[in-house]
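First comes one chain, alone, set out as structure tokens in the form predicted alone.
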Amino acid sequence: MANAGPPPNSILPSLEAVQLTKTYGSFTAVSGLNLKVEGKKCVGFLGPNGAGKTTTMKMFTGLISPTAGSARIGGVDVTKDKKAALASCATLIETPEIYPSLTPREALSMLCEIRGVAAGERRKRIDEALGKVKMTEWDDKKVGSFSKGMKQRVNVASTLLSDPEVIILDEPSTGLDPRGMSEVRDIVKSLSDRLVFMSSHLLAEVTEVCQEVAMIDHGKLLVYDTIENVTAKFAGGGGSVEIGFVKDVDAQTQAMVAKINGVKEVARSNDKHLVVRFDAGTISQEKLFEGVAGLKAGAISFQHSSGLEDAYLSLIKETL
């Protein structure tokens, strides 16, 4: 039997950019962006550093105003009626700090008061949020003693206090160790009953937790579709690998990797990682590994890329 979909009068959670533009003098950070995401799912928001991801998210949350166009949540223009637009939305932009002398319960209680959560509801909301991020046993410990991963779990808990339909997350696992990253991924996957719009430089993470992706570069939308469709359409032949370096990759190192025999394309996935596409076959892979090792540029990891990473490499044209 075919899925009948939601009742006719139900309103799906949504985010929409309509000709959304932000300029700073002669520099255009976001350029005429048109994007509508709707429904209960996780959508990855991808692009290289400087592509306009965080600027777009800040316009959706009212932290900055667009130069032109509009950002809408649930059909409401954030600029025209910020309170109504953000009533069903929670955000985690960049990495907010928590007062180290507070416990998670105290910090979340303060946020409940600021957000107007009824006094009789606060304990229940805090208990549910802490349980969701598996921090219940730490609710009376000082945040100043927590690891980065534990602090980030409290930050994510803060987005759940108002029971939002839409959650905007800006690189939620950045700076965390592998365990912390895994914990945050598990939390995001548990939010399948909401619309989660998440930026990330970690393409393997996006593949694991998201159903759809939107890619932008130079402030313009390149593609928005399911991961399966993007991969099928834009992932080319041959092989690809993500190479991690101990320090930020400079333009010279990237150019040298691009000159290795058999390499077809090179792009950054973040400051310390390159995604490299090379000719098919183990011989090409062997030459690539030997060539990168010979550069003595501080390469510390090689990981075969997913189809999404191949598509990313095909779509993103980096400007050095």
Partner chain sequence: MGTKAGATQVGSLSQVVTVTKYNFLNYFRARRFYVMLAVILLISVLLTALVGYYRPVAFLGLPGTPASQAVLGFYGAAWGGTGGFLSFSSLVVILSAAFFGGDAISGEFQNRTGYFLVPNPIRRSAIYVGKWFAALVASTIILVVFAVIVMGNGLFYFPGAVPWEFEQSLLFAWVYLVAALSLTFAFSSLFKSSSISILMSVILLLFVFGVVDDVSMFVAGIEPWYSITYGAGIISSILVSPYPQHEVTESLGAAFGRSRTSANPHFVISTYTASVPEGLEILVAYFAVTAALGLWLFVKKEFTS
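We call the rigid core the largest set of C-alpha positions that still match within 1.5 Å between the two forms. Numbering follows the first chain given and starts at 1. Fair warning: this is a prediction, and the values are worked out from it, not measured in the lab.
Just so it is clear, the following notes concern the form predicted together with its partner chain, a form of the same protein that is not shown.
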### All of E94, M110 and D163 with a heavy atom within 4.5 Å of its partner chain in the model of the complex
yes
## Note on the structure
Assert contact_stretch over 200 to 208, 76 to 84, 127 to 135, 182 to 190 against its partner chain in the model of the complex, heavy atom within 4.5 Å, equals 76 to 84
### Summary
None of L35, I260, L295, I64 but one has a heavy atom within 4.5 Å of its partner chain in the model of the complex; the exception is I64
### Query
Looking at A232, A119, I114, V246, which is the one with a non-hydrogen atom within 4.5 Å of its partner chain in the model of the complex?
I114
### Query
Using 4.5 Å between non-hydrogen atoms, is K142 touching its partner chain in the model of the complex?
yes
### Task
May I ask you to check whether E106 falls inside a 4.5 Å heavy atom distance of its partner chain in the model of the complex?
yes
#### Entry: Close approach of I98 to its partner chain in the model of the complex, 4.5 Å, heavy atom
yes
### Interface membership of I11, its partner chain in the model of the complex, 4.5 Å heavy atom rule
yes
### Message
Could you check, with the core superposed, whether the Cα atom of R115 shifts 2 Å or more between the shown form and the other one?
### Response
yes
#### Entry: Post core alignment: D139 C-alpha displaced by 2 Å or more between the shown form and the other one
yes
### Query
Can we say the CA of T103 moves by at least 2 Å between the shown form and the other one when the core is superposed?
yes
